[in-house]
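First, one chain by itself: the form predicted on its own, in structure tokens.
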């Protein structure tokens, strides 16, 4: 690459950095003040693109384009304020992870609302009036609109700096970021402050989306893509740091632009296509930064935030009644093949539910008792699935050995990734796990000669007698029961108590001689190993796998299962996985807009059972027992 080509790619990167910065700045403001990990932030960005497209095409001209961009920012800001007032304000006292579940439900609702309003096709807006041409830069043609975007990013950064540093609102925002409870104790109306911050963050996301209508089409996949990019930028820059968000946006955009510019390079013995690294470039940057600087480039160690949720009760062994109920359910499931003779699909659904139970139970093992929130648990599911499928497909390994190898391969991945992840905490830990999962996904997606690339691996079926659905169901049931019981055994062993001690008070646990990082690392490895069991069963149950097996959507599904059932109870992941899998199967067959219906059901469950379904049932049972 020549020097001129290098500098030109730098300019391209700066124009892309503005959009990244706008959405990341809004996300950083919202999290800093409200402590909500807003999964719907990418949806607000997507709405900004769609709304600005409507203004630009319906009104037309400079007024429709430029006026539409400003109007879009205001409209999305109002939508953000309504979300905070109508939904989030009602669940501030719920555990923080349930707020995450509520915002995920909004992702589903907003996505289907966009589908209903604008349809499934990609929509590309018109060229920007006054900026339709290109100028000569370093011997190449650079769109003048890209130059405008290069200027907009620093201008918004300067405006935010003035607001946060020179106004009373900005001082309150900075104070709430440090200690929001103290701000409330000083007489500040927290409700108005939270709503204002959420509206400002949403407006920035809407503005970022609106500015993209002349560069990329609006589509229904923008929400999760933009959300992933925003989280990466915020974490790399440092949570709550607006200058850090801009610096991270520039670095990530430049790395991706340079990968495209470098293209294919022949090193003699190997040829590398750097353009393919754009799929994972930001996650590689995030992993490197978090390993070197655990709090981001310009971030600081977060002070402990006093929770306003109800205190968590210690987990207790199952009561005789609960054990009897578990045995009865297991016996009923053993009889399911006889009951399902008239409906073979019931066994297929039962296998899906049991695999989901193993996946959710392994995630709960590190999320609940371990206190380690993983956004990339699908990596170990995918390692188990691909490990079993590739061994059976290409090497002809027997079915039993392939199933045993699946958790071992997932264990190896969990040991490697967990060694780095457990050195972090909170959102930083969660995002590093996401980075590792995306790296695994990119490797599977691009290694076509070995993994099949986007086509995946097909024709992976179990041999007789396991090719019969009822036999495979019974095998899955036995393995699922063994996996759940094994995890429970770990939790009530000294190892489990040490893991929970490290979660509740790291300093006290270390003071009595517990090596917290080592215990949490082993817990991470155990969870990954059990998750690999679910992946291996999934590969043989479906007969094929694809990169979607490791996609972020599966990790989010796991989070939803755990939170829906209740993260504070051991039966929560079992209940949550069962309810979510059956709801997803039932709702998807009812309507084209199944995501919105699914999201509405999740919202109702979150508002009705802020402790999760199993948690609410357990709380009600204890109350009734106390009255008796």
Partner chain sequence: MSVLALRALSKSFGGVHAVRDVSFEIGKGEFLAMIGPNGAGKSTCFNMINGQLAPDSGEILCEGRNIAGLAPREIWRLGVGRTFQVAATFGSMTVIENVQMALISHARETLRLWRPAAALHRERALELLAQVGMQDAADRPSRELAYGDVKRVELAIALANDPKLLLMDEPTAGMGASERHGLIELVKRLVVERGISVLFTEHSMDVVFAFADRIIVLARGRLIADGDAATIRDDAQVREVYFGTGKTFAGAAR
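Numbering follows the first chain given and starts at 1. Here the structure is a predicted model, which means the values were calculated and not measured.
What follows is about the form predicted together with the partner chain, which we do not show.
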property	result
Non-hydrogen atom within 4.5 Å of the partner chain in the predicted bound form for each of 489, 504 and 508	yes
The partner chain contact at residue 512 in the predicted bound form, heavy atom, 4.5 Å	yes
Any non-hydrogen atom of residue 141 within 4.5 angstroms of the partner chain in the predicted bound form	no
4.5 angstroms heavy atom contact with the partner chain in the predicted bound form for residue 554	no
4.5 angstroms heavy atom contact with the partner chain in the predicted bound form for residue 107	no
Contact residue in the predicted bound form, chosen from 113, 285, 498, 391 - any heavy atom within 4.5 Å of the partner chain	498
Answer option from 120, 314, 464, 459, heavy atom within 4.5 Å of the partner chain in the predicted bound form	314
Contact segment among 225-233, 192-200, 124-132, 522-530, judged by heavy atoms lying within 4.5 Å of the partner chain in the predicted bound form	522-530
